[in-house]
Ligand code: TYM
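Shown next as C-alpha cells: one chain only, the form predicted alone.
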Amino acid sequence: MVSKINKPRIFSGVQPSGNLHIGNYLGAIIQFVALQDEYDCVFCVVDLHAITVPQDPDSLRKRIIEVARFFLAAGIDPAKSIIFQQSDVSAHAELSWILNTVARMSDLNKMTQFKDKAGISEDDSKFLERMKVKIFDSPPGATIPKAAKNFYEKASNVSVGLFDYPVLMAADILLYDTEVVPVGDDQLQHVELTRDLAKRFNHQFGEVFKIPEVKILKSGARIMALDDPTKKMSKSAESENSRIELLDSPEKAAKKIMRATTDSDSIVKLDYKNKPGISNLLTIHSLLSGKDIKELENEFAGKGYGDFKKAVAEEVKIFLTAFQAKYNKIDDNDVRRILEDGAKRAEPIAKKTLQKVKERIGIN
C-alpha cells in the first residue's frame, strides 16, 4: 500500500441518488483520480445524503454499488485511497447530530440545496427575506400574501433531512481531519458552513477540528444541461435528454449531443454569456479530447454547428465505449469487499475524532 506520510487529507463524497452523468465524471470523479498521489484521499458513497429525498430501496442498493464501480472504472485505486459507504461508519450520523446543536437555523436558511429540491426559486427566497418579519408578526387571522403562502407550502414539503443536509456534509468532512475539500463552485457555500461550524465548535469547546481549505475543481465542474445550458447538468432533471449518463449507450449519447440546445449563430466560440450551449459543448470536447479550447475554435472556424456537434458526439462515443468496458469488467462482489475494507480503514479515523468531540462536550 502506498505510504501516506505527510500527505494532506482530502474528503469527498458522491450520492447514489440517480444515474451519474458525464458532468459528475468530468466535474469531479476524474479529477479525484489525479489527486491520489498528492493527497491522502477518502472517497465516500454518501447514501445517508441520498435518503433526504424519497428513494426506492432496491434501486438505492444497486446505485451504491454502481457509484463505487464508477470510482474504480475511473481509476480511483483502493490501494491508494479509502473508498467506503457512508452508513457503514456510524460516526457520520453521530457527529451530525452533535453539530446540529452548534448549527443555527439562520445558517441553514441561507443554504440553497433544500430550496432547489423544494422548487423554491430565487424570487421566492428574496420574497421571504422581504416579508418574513411581517408574516411572523402577523396577528391570528391576518391576511398573508399568496406568494408567502406558496413559499411556505413548498418549504413544508421537503424533509427535515434535506434542510439539514449541509450539517451532515460538515460532519463527513470534519470527521477525517480533512485539510482540503475538492468541490465545484456550486458547493462552496456548504464548505464555508463546514468551516464556520468547526470554528464555532472550537471556540466554544476548545480546538478539536481542523479547518478545511477549499480546492475549486477545474471548469469541468460546471458541465451544463444539454437542453438548457443555463442550468448545471443534473441527475435529477426530469428530462434524460438534459444529460449524458455514464451508462448511456454511445449511440444514444451521440443523439443527445446532436439535439443539444445551441443558438442561432454559427460561430464555434467560447462565450458563456452569449453562447452557453456552444461553450458547454466546447468544454466537453476539450476535457474529453485533451485539446485546448483555442485549438478547437481554430479547428472549427468557418464550419457550422452540425460539423462541430458531430465531433463532440464522436468524442463522447469514444469515451463511453472505453469507460463502460472498464466498468463492465468490475465484479459486484469485489466492490462489496472494497467498500467493507474501506469502512474498516475509515472507522478508526472517524471514531478518534468523535471521541475527542464527546470528551469536550461532556457526554463521554
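Note that the structure is a prediction, hence the values are computed from the model and not measured. Each residue number is its position in the shown sequence, starting from 1.
There is another form of this protein, the form predicted in complex with this ligand, and it is not shown here; the text below is about that form.
Trainee: Could you check which residue among 312, 339, 28, 41 gets a heavy atom within 4.5 Å of this ligand in the predicted bound form?
Mentor: Checking each option against this ligand in the predicted bound form, the one that comes within 4.5 Å is 28.
Trainee: Have a look at 85, 187, 286, 279 for me and say which one sits with a heavy atom within 4.5 Å of this ligand in the predicted bound form.
Mentor: Result of the distance check: 187.
Trainee: Wondering, does residue 49 line up within 4.5 Å of this ligand in the predicted bound form on heavy atoms?
Mentor: Residue 49: yes, in contact with this ligand in the predicted bound form.
Trainee: Although the partner isn't part of this model, could you tell me whether residue 173 comes within 4.5 Å of this ligand in the predicted bound form, counting any heavy atom of the residue?
Mentor: Looking in the predicted bound form, residue contacts with this ligand include residue 173, since a heavy atom lies within 4.5 Å.
Trainee: Do residue 12 and this ligand share at least one heavy atom pair within 4.5 Å in the predicted bound form?
Mentor: Residue 12: contacts this ligand in the predicted bound form.
Trainee: Any of the heavy atoms of residue 232 lying within 4.5 Å of this ligand in the predicted bound form?
Mentor: It does: once this ligand is placed as it appears in the predicted bound form, residue 232 has a heavy atom within 4.5 Å of it.
Trainee: Residues in which of 98-106, 173-181, 196-204, 266-274 have heavy atoms within 4.5 Å of this ligand in the predicted bound form?
Mentor: In the other structure, the partner sits against 173-181.
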